[in-house]
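A lone chain, given as structure tokens: the form predicted alone.
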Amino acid sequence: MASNFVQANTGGTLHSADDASIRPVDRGFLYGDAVYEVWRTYDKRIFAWDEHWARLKKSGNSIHLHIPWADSLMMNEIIKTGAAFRKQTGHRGEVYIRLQISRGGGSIGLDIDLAESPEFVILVKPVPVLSAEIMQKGLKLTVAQTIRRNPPLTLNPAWKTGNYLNNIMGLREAKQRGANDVLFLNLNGELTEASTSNVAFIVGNSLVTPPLEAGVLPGITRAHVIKTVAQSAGLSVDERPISPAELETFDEAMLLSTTKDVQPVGLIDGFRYRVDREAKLWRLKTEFQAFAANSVSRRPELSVQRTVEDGRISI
């Protein structure tokens, strides 16, 4: 089986992600009328299941999309999908899990009353890893010049929806400028976040990150870093607005995300940041991974190594 195989589960039916599975009138496909979450495993157990599920439901409520499935049912579907992925690929490492819930199909038109019933799709693949070059040199970022982060009073970045056109256009600009990712400004000209990650900086012994009010997704990794992990790494936390003019004042820079936790940033528009082994972000990364491993160690029921036989799931 090819290494890029992705296992899919559409409404309970397992199949390759290369196979068509949703109706052309699905509102997630037509309008981005959907919400989603991404999890990853540590030690083969799903990390931060409860936090991501709560955010998924909050995103759904924000767009008036009722999620009819219990988290226990969806967990069983994820375990079933993971088991199928292992069977197809032989993969025994950590996995990436994406759950998208759309408002469903129905008559064509924007009115949400035209939707029939919600539908879900689960995708499972290996957790993406940072390349040796990125680990050594860090990511290269650029501040978007042609587009701003959509403000909370429009399509709120706090809602994790299927509409990512703003992010896509910003990332396109960054790639054209030779960068790995983009940093968005809000309408006030303040830094917000990257295309799929929160951003943070280190100056001295302080970790500095934009506040949620700047217009950023309330990242799960970001929240754990602020609440617990930064202190374990010997860093205080300063949530405040950040202007682009401050980029030259920081010692270190990083992205924070579910799939790659703490990602080193080496360059932002000509400003260089420490990524050597003495950089404090590595201590932060180590502390986060220890925190995640300790968290999942207490949740054996979140193991994706469970098997499925005759519809029954067992450890």
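Residue numbers here begin at 1 and follow the sequence given. This structure is a prediction, so every number in the text was calculated from the model and none was measured.
In what follows, reference is made to the form predicted together with ligand PDD, a form of this protein that is not presented.
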item: Selected contact from 220, 233, 141, 214, since only one has a non-hydrogen atom within 4.5 angstroms of ligand PDD in the model of the complex; value: 220
item: Among the candidates 88, 167, 76, 150, the residue which, in the model of the complex, approaches ligand PDD to within 4.5 Å (heavy atoms); value: 167
item: Which of 27-35, 255-263, 63-71, 270-278 lines the interface with ligand PDD in the model of the complex (heavy atom within 4.5 Å); value: 255-263
item: Contact flag, residue 52 vs ligand PDD in the model of the complex, heavy atom cut 4.5 Å; value: yes
item: is_contact(residue 209, ligand PDD) in the model of the complex, heavy atom dist at most 4.5 Å; value: no
item: Contact label in the model of the complex: residue 80 to ligand PDD, heavy atom within 4.5 Å; value: no
item: In the model of the complex, residue 196 touching ligand PDD (heavy atom, 4.5 Å); value: yes
